[in-house]
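This document opens with one chain alone, in structure tokens, the form predicted on its own.
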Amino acid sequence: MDIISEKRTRVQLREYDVIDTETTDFPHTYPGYDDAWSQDKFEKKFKVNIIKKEDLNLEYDMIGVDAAITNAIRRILLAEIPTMAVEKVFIYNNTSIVQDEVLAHRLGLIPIKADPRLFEYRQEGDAEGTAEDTLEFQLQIKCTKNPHAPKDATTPEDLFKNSKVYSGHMKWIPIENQGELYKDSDIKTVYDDILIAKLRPGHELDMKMHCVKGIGKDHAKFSPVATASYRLLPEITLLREIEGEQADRLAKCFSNGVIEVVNYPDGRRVAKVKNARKDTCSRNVFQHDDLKDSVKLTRVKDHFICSVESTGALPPDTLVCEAIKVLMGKCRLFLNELDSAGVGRL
């Protein structure tokens, strides 16, 4: 790869700085390179590879796009994909040591398993809500002494009943015809073991909660993801053969699995790059004077490793698809605005 091609396509990590971070694939940036945008060229280059897919976690690669596109999807995931969350708490009785305001805040942060696409946004000023825009939960629990506790018991779990209130104690109460439309497994808290409060004999909670549809930029409790991030694909190039004790030290400079030491039949132990993808951008190798000129660290500018962790309301792959739909809607709106203003498209 020539110097200009490397500057165009790679970010270089050096001992004290990071260079070539800017995007330069624009027309006339470098002589001899046709960097004019074309849809055919983009379609040939653009790829999405699913690396890992689990119930709550998704890792995928986006190849052939600018950082702005990847970051737009990340921001939409955080702030513009709706979920259902507790918005109003009607407290009839709270004799625990947790204040009403703190208790309501904790309840709002409990993720609710309900498909937000099946519900409407609640109208402003509507205090009661309807089956189309509201889910109702009830929490009724009282702590009492355990008459059957062992004589040598010392823990609250043995001494008392209902000493801890968990999210699993929240029960869904169908509104109108919701009981016919949804099963109990469709509407519930994502996790049953989230601690809400600790009680002692005489303490009691009695409350009703209304869950509504909202988005993360209104309140973080509506954000459908715990984390959404991306990073550039790492590249590690060994500029010379590194053997023996140096190879062992080189492997320790990186995360586990990045560098492996291979035993050759002639007895030599040589360092090889096993999986650069696992590198976490460490530059520890530059601390070793005899190694720092033997390794080149770069990142591919248009290859993004994206990670999405869902809170559980929707699967992570569904969230990414919904984020792309929102981004497409924004693009259509922008193009319509250009057309209405009489501005020609490129």
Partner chain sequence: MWNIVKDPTVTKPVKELKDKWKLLPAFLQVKGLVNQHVDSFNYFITVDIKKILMANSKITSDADPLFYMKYLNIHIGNPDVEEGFNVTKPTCPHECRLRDMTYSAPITVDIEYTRGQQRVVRNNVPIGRMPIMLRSSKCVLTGKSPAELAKLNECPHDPGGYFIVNGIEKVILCQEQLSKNRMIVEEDSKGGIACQVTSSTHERKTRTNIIVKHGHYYLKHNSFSEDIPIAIVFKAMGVESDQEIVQMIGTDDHTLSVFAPSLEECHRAQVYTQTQALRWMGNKIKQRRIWGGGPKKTPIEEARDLLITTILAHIPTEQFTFKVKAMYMALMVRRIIEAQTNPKLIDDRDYYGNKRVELAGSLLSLLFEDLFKRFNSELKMIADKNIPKIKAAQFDIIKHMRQDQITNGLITAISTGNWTVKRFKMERVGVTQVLSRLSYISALGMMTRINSQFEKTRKVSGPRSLQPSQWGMLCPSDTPEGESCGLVKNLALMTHITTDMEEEPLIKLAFNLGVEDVHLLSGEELSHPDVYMVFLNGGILGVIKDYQRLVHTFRILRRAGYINEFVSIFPNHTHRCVYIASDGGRLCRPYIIVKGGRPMVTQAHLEELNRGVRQFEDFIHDGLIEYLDVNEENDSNVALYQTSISVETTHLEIEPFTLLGVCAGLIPYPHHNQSPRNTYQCAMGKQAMGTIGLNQRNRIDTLLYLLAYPHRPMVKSRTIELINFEQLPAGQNATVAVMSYSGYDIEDAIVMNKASLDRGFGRCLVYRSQKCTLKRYTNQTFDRVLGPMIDATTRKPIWKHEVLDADGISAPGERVESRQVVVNKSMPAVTMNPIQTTPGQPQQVEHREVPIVYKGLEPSYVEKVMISSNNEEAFLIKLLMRQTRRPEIGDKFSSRHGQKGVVGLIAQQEDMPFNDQGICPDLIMNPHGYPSRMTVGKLLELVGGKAGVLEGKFHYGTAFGGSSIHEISKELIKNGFNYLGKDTLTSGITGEHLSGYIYFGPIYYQKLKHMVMDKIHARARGPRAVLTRQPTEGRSREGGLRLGEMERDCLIGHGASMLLLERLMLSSDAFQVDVCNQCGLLGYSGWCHYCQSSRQIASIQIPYACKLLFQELQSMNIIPRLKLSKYFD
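Quick caveat: nothing in here was measured; it's all calculated off a predicted structure. Positions refer to the first chain, counted from 1.
The protein also exists as the form predicted together with its partner chain; that form is not presented, and the subsequent description refers to it.
For the residues E241, D218, D248, E132, the 4.5 Å heavy atom test against its partner chain in the model of the complex is passed only by D218.
Distance criterion of 4.5 Å from any heavy atom to its partner chain in the model of the complex singles out V102 from the list I173, A153, V102, V270. The chain is drawn here without its partner chain; in the model of the complex, the stretch among 227 to 235, 138 to 146, 257 to 265, 182 to 190 whose residues come within 4.5 Å of it by any heavy atom is 227 to 235. At a distance threshold of 4.5 angstroms between non-hydrogen atoms, F334 is out of contact with its partner chain in the model of the complex. Mapping the unseen interface onto this chain, N275 falls outside it, with no heavy atom inside 4.5 Å of its partner chain in the model of the complex. Its partner chain in the model of the complex is approached by L78, whose closest heavy atom lies within 4.5 angstroms of it.
Heavy atoms of V18 reach within 4.5 Å of its partner chain in the model of the complex, making it an interface residue.
Taking its partner chain as it sits in the model of the complex, the stretch 259 to 281 comes within 4.5 angstroms of it through a non-hydrogen atom at T280, C281.
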